[in-house]
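Same chain, two forms, each on its own as structure tokens: structure 1, then structure 2.
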Structure 1
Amino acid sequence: MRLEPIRNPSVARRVVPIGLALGATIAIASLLASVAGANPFSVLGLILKGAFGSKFAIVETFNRATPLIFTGLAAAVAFRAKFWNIGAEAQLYAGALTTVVLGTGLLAWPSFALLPLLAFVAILAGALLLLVPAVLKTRFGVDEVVTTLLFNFIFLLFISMLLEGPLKDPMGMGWPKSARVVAEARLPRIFEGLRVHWGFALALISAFVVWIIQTRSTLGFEMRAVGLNKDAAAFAGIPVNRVLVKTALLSGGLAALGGFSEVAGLKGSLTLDLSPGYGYTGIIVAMLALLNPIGVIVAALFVAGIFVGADSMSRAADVPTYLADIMLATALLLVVLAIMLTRFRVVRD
């Protein structure tokens, strides 16, 4: 048995395996719900209702999807150029940290000036944080998977130190959290009375901008060329190392915008549990979206809907929320297998 590449696969060849993968995911989730003693159709219905069945549910899904769009875009941009950024978690916290440092009263600026500055500094912080692994890779050949992954642990320990020390809120009753950002540093709500904020709109705009960069710019062409074949790109005159550094700066900045959005738009302060793993889940989002920036929006809403719906389902059907984690892991594995089957066919020698 061997794999044979498929030249110019048909639309059906590209779509059907992915549809079957998602269908198999639902079937496996139904089986697990049955094992847990619940009606599988009821469980799936409760997940759907909990994610999109009311105005409150939709708003919560949008809020959960916002940081996932940013981290999904960060992974999609980096992976397109075969730069394996596993450190979006640290970059997200870097954006959150700068937002708190500058947004808790250090600058007495009006909102129209303070919010763009906070977003810009957050992007800069995330970009610079990923610049270190990028330079280590391009100059010394250090594996970026290792360095970016380790940066997650290092930076979270650094955040913990700050929250127990200079950033600790004296009015926080001893809890390790920062002071709340001032009103001028808060992203306004899109709709009055609802929690969905302009960070969600910023995420949508970012996805569109990344799509423009990837499909309409020289940098986007160079990123795709480097990702497809680094040696061929270098032979064609593309500065591979420079492209990888630019890719890293863009990827880190996008992830950091997720931290800015969470603090300025939703939480208002920095805590160690600000992210329940958005940086890692963003990789799943990017893979489900096939590294397409517009697809990242759909994938992020899908993943956020599963998490939000699973919380509601767990309370109503007494089924563990771990079912959502299993669904996402299964979906990722099956979609990766489906992607392989869209590009290769299994033949017998």
Structure 2
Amino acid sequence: MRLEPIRNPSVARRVVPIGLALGATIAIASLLASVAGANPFSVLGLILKGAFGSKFAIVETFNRATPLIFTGLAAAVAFRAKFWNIGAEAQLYAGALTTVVLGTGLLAWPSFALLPLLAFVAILAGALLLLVPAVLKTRFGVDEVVTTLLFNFIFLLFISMLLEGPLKDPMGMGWPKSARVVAEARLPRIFEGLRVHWGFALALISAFVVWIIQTRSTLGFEMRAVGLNKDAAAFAGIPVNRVLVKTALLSGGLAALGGFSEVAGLKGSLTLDLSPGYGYTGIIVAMLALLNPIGVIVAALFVAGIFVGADSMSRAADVPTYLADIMLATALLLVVLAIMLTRFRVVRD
């Protein structure tokens, strides 16, 4: 077989494969749930109900989506320039770390000054953390996939070390957790009485800013050019390495902002389970969004919905919670395949 590009794909050609991919994902999940003894035809309904069925569920989905928007943007920005940052997990923790270091009473500033500072320092920390793999790539040609992956392990051990040492909460009853940030370092709720905090608004603003950068700035143009064809970009006079480093700084900063938002907006302190793999899930979000920053918002809500919905479904139907991860992996693989099939047709020869 061989792949042949389609010149002018019809609307059906662009929509049907992706619909089929999502349908197949739901079918596979239902099948697996039935293996666990659940009624396969109730699975989709239970997931939707669990994710969007009540005010509580919707709030939960939005709160889950918030860090995923940040890590999804981090991946989308980097992948667009073909810089494979798989280290958003570590960068998120870097932002969370600086937030608890500065936010637990070290600075007695009022909220309106402290919060921007915390956000800024978090961005700086995440950017610096990704600067190392970026420079290793541009200077030594070391593949960033492996280095960013390995940095995740190193950085989590570093956090674990701090939480059992200097950052350990003396009131924490021996648990490896940090002290809580002061009231001035907390992001307030957007609406009185709803647990959705300003981190979500910050995520939306970030997506919009990234969209502006990508579509309206020279840097955005350069990042796209480097991603499409590095050699051609270099030939056209684009400083490829400098663009890659800038991309890395932006990507790392975005992921770290997610860490700031989680600590300041939701959790209030730092623990080793602050992120259940948001950094990795962000990659799925970015791919499902076709690397489009506005699409990231939609994809993050979709993925968060699957998590929250599948969580509640698995409790209702007594199915292991790992079904949510299987659904995401299946959706990722099938959607990537479907996107390809919207642009190419398979020819037998």
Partner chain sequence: MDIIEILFTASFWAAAIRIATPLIFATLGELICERAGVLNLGIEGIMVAGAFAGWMAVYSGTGLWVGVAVAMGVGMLFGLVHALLTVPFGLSQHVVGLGVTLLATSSTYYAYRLALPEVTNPPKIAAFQPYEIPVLSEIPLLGPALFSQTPFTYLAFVLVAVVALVLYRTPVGLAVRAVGENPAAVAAQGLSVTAIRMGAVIVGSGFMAMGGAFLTMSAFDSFFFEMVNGRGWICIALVVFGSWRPGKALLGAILFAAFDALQIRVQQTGFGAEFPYQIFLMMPYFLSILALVAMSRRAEVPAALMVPFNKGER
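Start at 1 and count along the sequence of structure 1; that gives the residue numbers used here. What you see is a predicted model; the values in this text were computed from it and never measured. For the two forms, the rigid core is made up of the largest set of C-alpha atoms that agree within 1.5 Å on superposition.
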Structure, 1 versus 2, that is the form predicted together with its partner chain: 2
Is the C-alpha displacement of residue 15 equal to or greater than 2 Å between the two structures once the rigid core has been superposed? yes
Residue 6: CA movement between the two structures [superposed on rigid core, Å]: 2.9
